[in-house]
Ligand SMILES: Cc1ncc(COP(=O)(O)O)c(C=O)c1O
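Below you'll find only one chain, the form predicted alone, shown as structure tokens.
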């Protein structure tokens, strides 16, 4: 029997500290007491307004609006593109619960699309849904950083006059064929939650070039009539057109989160390089283990991974036993095939508020799909320790 590996002496929930200039800015905010972005005599130079402007510039987009979470960003984007009560909205089934939650929030109907072996949206499933449901909206989630063939996706989107909303919660800094994710659709949504590429604790960002979408989101997010305090915004006449007939959903971002994220944007690329190096090392190790494989990544993609996914060919009982073994050694492995949702992991059969849908490929893949969070600070030795525990936990087939 193989020697039992040493338990991990580090946490996979570890995150990088907020940079010193972010800590100083947060201290200044706390000292002033001005945690709210708006004010009758202040606000134009708020940290939230500065973050919006910088986020838009980084992505080459006209407008960026900061909100209180990635899930609320999705909800606001759906409402802003005109989704109505009961309208069908297509989304890939392999995603996180806030995605169908956002569709449910605005009263629409989620149409789940199947999953390919590469853990991305199945294009045949998309084409079939376009034909059979009449849906005009595709909410495309790049779950766990997995990006489909965007040339083919965009061909379908344009050929069928679809509205494309990009859920970029896991791909900040990633690119498809040199183009930044979040710049390919009509509107895109990002998450600033702690375990994403930048850590705001909580928060979301919406990007668009459409002035009407931007105006509606600014008003819906809760600007009251202080929308002129947004540096990244449409002209007054566009906002005035929507004011008064646009609900205020009070989904604003706070100053502390904005200051924390602003301080991390200059080092985002450095973090992504670290994550890619970590992912490559662990992927190579896991792929060498009998019965396990890591999905291929297209050469068209410049990834920004914060976790790693791998497929097991073992029986469900063996997977369950392996997870318990790994957990006993300090390695938390998430399993999408578990009977009940756990932590940040759930699949469509756990969302009982949605009508049941048959998704043969997705169900087959989820039964064998495992997931490990990767802190960007992992050393080579720590990566190797993770590999050793995975190797020990999973029996040879």
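Remember, predicted model here, so these are calculated numbers, not experimental data. Numbering follows the first chain given and starts at 1.
Below, we turn to the form predicted together with the named molecule, even though it does not appear here.
In the predicted complex, the named molecule stays beyond 4.5 Å of every heavy atom belonging to residue 146.
The named molecule is not drawn, but in the predicted complex it has no heavy atom within 4.5 Å of residue 279. For the chain shown alone, residue 263 is not a contact residue for the named molecule in the predicted complex, no non-hydrogen atom being within 4.5 angstroms. Residue contact check for residue 180: none of its heavy atoms lie within 4.5 Å of the named molecule in the predicted complex. Site annotation in the predicted complex: the residue of 169, 187, 304, 76 reaching within 4.5 Å of the named molecule with a heavy atom is 169. With the partner removed from view, the residue among 207, 258, 218, 99 that has a non-hydrogen atom within 4.5 Å of the named molecule in the predicted complex turns out to be 99. The chain is drawn here without the named molecule; in the predicted complex, the stretch among 114-122, 136-144, 230-238, 288-296 whose residues come within 4.5 Å of it by any heavy atom is 136-144. Residues 69, 70, 71, 74 are the ones in 68-86 with at least one heavy atom within 4.5 Å of the named molecule in the predicted complex, listed in sequence order.
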